[in-house]
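Before any questions on how it binds or moves, here is one chain, the form predicted on its own, in structure tokens.
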């Protein structure tokens, strides 16, 4: 079930519960308010009744007009209160009874008032009217007692109603708070468990992918938003993997093109380097044939000529081997242990003639007893050829022209350091900031791709080393450091 739907269900349930309890609360509050109003009116009725009773008794004692007039006013207020009580209580039987008792009591008191005049004015029938007065007073007291008892009963029932509705209000609020708290706690626990677990899977997957393992896929079961996110994430990772593979392919092509460009730049000197031993072979063979035709040759002469030809052939083989190693794709080359001296022989077989033509002095400094490295022979050779060619181009027009390649073993860090220094005056800071960027070059158009240094830096870093410019050197100096033993 989707998280959005779960949240919608929980929210709907909470709203339904809230509506039910709010309705119950409103009903209880309305009843409480009505009961409280009835109780207040009943209290006022009692007070007015006591005042009315006091005025009535005062009139009965003195038979004066003033208490009677005050009783009439109080009685009107009492009638108004009873009307309000009827409006609140509706068709309640107790209200009807006390209203009826009130009417009868008031009517009897009015008859007593009228009979008082007859008692005072009719002396012959005074005894009759006095007896009637006593009977009326007795009935009036009965009605007033009925009224008072009815009011007391209403008041007692109303007090119970107030207490009951108040308890209902407190109960409704408590139950509502408990249920809403339960819904909130359950929702928080459920969503936290659901979301945290899925977020953890996403976090772990993202961490693995961030380490470069683009083949990894995040697996989240279910059909919720997190599974959709995982699907999108996996789709993005697949595209990144494809793009990364394409970039690796393009990078390999760029490296290979840079190698071929380097070979193209050295083609003239390589051709001359091969032509020299070929000329030696051709001249030696021609002389040997002429001597064979004219006379019988001694064995020593033939051996000497063949040894001379063999040296020329070895020279050509060395050049061709260097070309083969340099031009082949070394992206997937197995790491091997090789001699720095042998590597430099191959490098010099390709760049030596070019440096000789330009009258550039090349110095190679290797620790005594040679130095052995476990790394990629072909790729390091490519880096050295790039750096030597760049140095050659940079100092071609300088009066002092030399290049020094120095290897050092750094025992404290198990690193091999190689520096390629030329007689130039260094690289300006504004150029040094950009010189490692792809396609940045200071050479004339058509004389450089701007890829040599960026590819060299990438090669060294891929092999676990670092590539940088030595700014403290007074001359132009590029340095790369590699682990003596390859970190697999």
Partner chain sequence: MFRVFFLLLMGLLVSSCNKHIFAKAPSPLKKITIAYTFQPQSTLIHVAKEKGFFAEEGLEVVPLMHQYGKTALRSVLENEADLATVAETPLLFSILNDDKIFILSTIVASSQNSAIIARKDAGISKAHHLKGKKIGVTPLTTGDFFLDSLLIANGMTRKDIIPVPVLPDDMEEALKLKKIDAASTWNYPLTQIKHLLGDNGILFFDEDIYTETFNLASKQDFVTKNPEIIKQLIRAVVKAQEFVKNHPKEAQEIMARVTNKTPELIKEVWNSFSFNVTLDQTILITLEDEARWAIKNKLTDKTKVPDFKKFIYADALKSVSPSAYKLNRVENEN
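Residue numbers count along the first chain shown, from 1. The structure presented is a predicted model; accordingly, all values stated were derived computationally and were not measured. Superpose the two forms; the largest set of C-alphas matching within 1.5 Å is the rigid core.
The protein also exists as the form predicted in complex with the partner chain; that form is not presented, and the subsequent description refers to it.
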query: Partner-contacting position among 70, 37, 454, 53 - heavy atom within 4.5 Å of the partner chain in the predicted complex; finding: 53
query: Residue among 401, 354, 104, 155 with a heavy atom within 4.5 Å of the partner chain in the predicted complex; finding: 104
query: Residue 131 within 4.5 Å of the partner chain in the predicted complex, heavy atoms; finding: yes
query: Partner contact for residue 136 in the predicted complex: the partner chain, 4.5 angstroms, heavy atom; finding: yes
query: Close approach of residue 214 to the partner chain in the predicted complex, 4.5 Å, heavy atom; finding: no
query: Residue 80, heavy atom within 4.5 angstroms of the partner chain in the predicted complex; finding: no
query: Per-stretch contact check against the partner chain in the predicted complex, the hit in 145-153, 182-190, 231-239, 383-391 (non-hydrogen atom, 4.5 angstroms); finding: 145-153
query: After fitting the core, residue 52 CA displacement of 2 Å or more between the shown form and the other one; finding: yes
query: Threshold 2 Å Cα movement between the shown form and the other one for residue 160, core superposed; finding: yes
query: Large Cα move at residue 100 between the shown form and the other one, threshold 2 Å, rigid core; finding: yes
